[in-house]
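A lone chain, given as C-alpha cells: the form predicted on its own.
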Amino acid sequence: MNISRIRTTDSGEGEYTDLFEAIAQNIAQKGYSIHHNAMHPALAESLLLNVQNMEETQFKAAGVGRENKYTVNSFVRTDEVCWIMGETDVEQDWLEWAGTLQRFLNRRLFLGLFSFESHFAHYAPGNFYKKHKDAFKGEANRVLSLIVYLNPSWQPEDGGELLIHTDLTTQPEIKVTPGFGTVVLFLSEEFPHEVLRTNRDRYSIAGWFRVNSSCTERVDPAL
C-alpha cells in the first residue's frame, strides 16, 4: 500500500484544527475527550500497516512502573508494546501530529507540556489490562494520556473496550470501543481506566504528554 505523507497548513494544524479545539474544550470542561473516526484515514492506515508489518521480536511484554520499579506482571496486564522512536516515515508523521497537538494544547490551555512518549500496543486474544492510573498525584510527569485505535471493522463481540472510571454518579464508567481511527485523551492523574479482555488481535497507540519534572539529581524527561 502506498500512502502519501500527511500535509498540513503552515500552522501545522491543517484539517485537525476543529478536532484540536474540541479536544481542548473537552479537557478544560470534563478532563477527557473521545472522538470516533477522528484520525486522518491515510495516517491511520499507514500506522496500521506499519504495526502489522513489524517483526514479532520488536514487541516486548508490557510492564508496570518506571526505571528501577519496572516489573512485568501478567496478573495486571498481558499486552505487548513497542516504543515509537521515529525510525520510519509514518512514525515521524505520527510524532509530528502529536507535536502539533501538544503545541495547540499548550497555547489554548497553558498545560506546560514538555515532551511526548508513545508506543504501539498489541493485545492478542485473551489479553487485558486491569484498572490503573497512568500517573499519580505528586508525581506530575505524565499529564495527558492519548490513545489512537487501529482496528478496522471492530464488532461488539470482539470485546477489548477501554473502560474509563469517573467519580460521577450519573456516569461512573465510560466504555470506548477500540474502532479504527478513534482518538481518546484524558488527564493522566484523574482517571483510572482498564482494557477489557479482547477476543481478537487489537492494535493501538498509547502516548503521554509530559511536563519537565527535572531536579538536580536527574533529568526527567530524559533529553
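Numbering starts at 1 and runs along the sequence shown. Only a predicted model underlies this, so the values are computations on that prediction, with no experimental measurement involved.
If you look for the form predicted in complex with a small molecule, you will not find it shown, but the lines that follow are about it.
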Is it the case in the predicted complex that E21, H40 and F104 each bring at least one heavy atom within 4.5 Å of the small molecule?
no
Looking at 45-53, 167-175, 194-202, 22-30, which stretch has residues with any non-hydrogen atom within 4.5 Å of the small molecule in the predicted complex?
194-202
Interface membership of I147, the small molecule in the predicted complex, 4.5 Å heavy atom rule
yes
Tell me, yes or no, whether V183 is in contact with the small molecule in the predicted complex, where a contact means a heavy atom of each within 4.5 Å.
no
Hey, in the predicted complex, is Y16 touching the small molecule, heavy atoms inside 4.5 Å?
no
Y123, heavy atom within 4.5 angstroms of the small molecule in the predicted complex:
yes
